[in-house]
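Presented below, as structure tokens, is a lone chain in the form predicted alone.
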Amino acid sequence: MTGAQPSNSGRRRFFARAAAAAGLVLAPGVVLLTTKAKAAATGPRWGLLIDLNKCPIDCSECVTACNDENGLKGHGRPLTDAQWIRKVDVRDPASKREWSVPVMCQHCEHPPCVDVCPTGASFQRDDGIVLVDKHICIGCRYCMMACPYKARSFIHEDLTDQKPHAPRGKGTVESCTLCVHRIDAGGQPACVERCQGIATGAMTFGDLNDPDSAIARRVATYATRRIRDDLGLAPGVYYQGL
């Protein structure tokens, strides 16, 4: 019969296929994108292991190293609202034990900051490192709300004396880059280098996909935990002794 309208079930199938193909629009400028499952990992998956048994409460060398490396200073003073790594005091009410836990971007395998970014400024490299493209970040701060680790900061101030390897910009969001410029040159993050060099050696950096790497061997041998592992984000930062 001409002019017949599609059935309700037909319309549901149509909209389901359209949403799967193009993403579901949640609000103006916000799209929940669908992604294909990743192929089996063949390259490196960079990560950190932090042994809290070797991390003194009064040591903040990792924080200082990060600030120095990435130029996290403004107007001659350290910024208080932009820390790419911070020490968080934790206390077990049962045992009374206390820790000072280094917390930074956890470089999740399934990063929620990337999922909610409307412009693609938050993105993940094939090696697992999560970054922010300052050229297309619009400062909406959706990623800050989505991050369960409070690992991202918004830049409110004018900036001077920036490091060429760590571009920053007023009105954009930033977080730990795992010192990607060092990694791409064959090195390791500044916090790890400082910890191993003049501090306690609590930090280990390496390829989690390489079973022969020091970090992969330690994760396989010792009991480790990841912060809020129950969320299913698969962080790339492991903690021993937590």
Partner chain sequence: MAGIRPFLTKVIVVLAMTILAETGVNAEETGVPHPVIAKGKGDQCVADTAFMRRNHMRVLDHQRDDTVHAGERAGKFSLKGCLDCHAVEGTDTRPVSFDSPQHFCRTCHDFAAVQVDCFSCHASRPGEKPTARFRHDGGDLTARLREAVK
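Numbering follows the first chain given and starts at 1. Here the structure is a predicted model, which means the values were calculated and not measured.
Below: the form predicted together with its partner chain, not depicted.
Contact check for L131: a non-hydrogen atom falls within 4.5 Å of its partner chain in the predicted bound form. Under a 4.5 angstroms non-hydrogen atom cutoff, its partner chain in the predicted bound form lacks D207 among its neighbouring residues.
In the predicted bound form, at least one heavy atom of P56 sits within 4.5 Å of a heavy atom of its partner chain. In the predicted bound form, at least one heavy atom of H181 sits within 4.5 Å of its partner chain. Along 157-191, these residues reach a heavy atom to within 4.5 Å of its partner chain in the predicted bound form: L159, D161, Q162, K163, P164, H165, P167, R168, G169, V180, H181, D184.
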